[in-house]
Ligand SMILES: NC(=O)c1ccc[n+]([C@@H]2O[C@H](COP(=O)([O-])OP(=O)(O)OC[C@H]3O[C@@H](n4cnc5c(N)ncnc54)[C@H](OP(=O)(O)O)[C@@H]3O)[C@@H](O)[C@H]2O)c1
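Shown next as structure tokens: one chain only, the form predicted on its own.
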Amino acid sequence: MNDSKKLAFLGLGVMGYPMAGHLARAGHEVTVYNRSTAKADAWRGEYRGRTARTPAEAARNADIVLMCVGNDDDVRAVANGADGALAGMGRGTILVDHTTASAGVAREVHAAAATKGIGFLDAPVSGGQAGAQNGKLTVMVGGDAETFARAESVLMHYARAVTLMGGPGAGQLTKMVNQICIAGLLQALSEGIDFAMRAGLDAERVLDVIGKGAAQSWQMDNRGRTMAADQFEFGFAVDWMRKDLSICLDEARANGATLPVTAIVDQFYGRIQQRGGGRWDTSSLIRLLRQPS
């Protein structure tokens, strides 16, 4: 490809691993870093690319560095640490963070990058593991318009939509809206399916009918039948959803928003964790209705 770039990807979890793979398959020169070297070695065996021992080493000479890690502390360590990405990046390059984190840490890293003449975008994603594997993620971005314009074509390699939402932190704030909406949808879907089954209805037939009307949603289409079948060993883990909802609730306390349903659903997820379901899919909320205690 004529516009091949030198890229680094930091963090090869269930999302980062296939995202970095799409970049390599598109013809970019990709260097990866992961705390577990075994995961990085496995990626190199599957795709064309190189591995690095530290974020700084991976970022050295890269045009754009992308990262997808766990939480605010991970973002700070991988971006700002002594061996972090910013330590290896040059002026005029771009750091893109796909982690779902707080708007505050996004603004913090943006400011640190700016002092070095480096562009920064907070760019959390939605679409789950399947979206990452199929290159169909939705990317919500915060940052400067000029920086976004330079990075957009790279992000499109694993996305169906990449949208600039505003300045630094706006991507993370948009992802918070996404998670707030999902929490409420999943609780309502749980209640509806449980109600249908207790009423003696065929749950799958009910979902097929109401899925053609105003109740239709991604969650209904992709999780309704597995919820009815009591299957949860896949998907987006409850542990991660609780992390995300904690960020939402913290931000709401700061901006004055009221999130009563989100707060209740967060407590429900806490009960799922107490039952050992921290790695179950977020649709496992229905188990609290089937087995109240």
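Please read these numbers as outputs of a predicted model, since none were measured by experiment. Sequential numbering from 1, following the sequence displayed.
Not on display, but discussed next: the form predicted together with the ligand.
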Listed range touching the ligand, judged in the predicted complex by heavy atoms within 4.5 Å, from 250-258, 44-52, 24-32, 237-245: 237-245
Option touching the ligand, based on a heavy atom within 4.5 Å in the predicted complex, out of Asp74, Glu204, Glu152, Asp194: Asp74
The single option of Leu121, Met176, Val139, Val78 touching the ligand in the predicted complex, heavy atom within 4.5 Å: Val78
Exercise: Val125 in contact with the ligand in the predicted complex, heavy atom 4.5 Å: yes
4.5 Å heavy atom contact, Gly278 to the ligand in the predicted complex: no
Cys68, heavy atom within 4.5 angstroms of the ligand in the predicted complex: yes
Ser190, heavy atom within 4.5 angstroms of the ligand in the predicted complex: no
The ligand in the predicted complex reached by all of Leu12, Lys39 and Thr99, non-hydrogen atom within 4.5 Å: yes
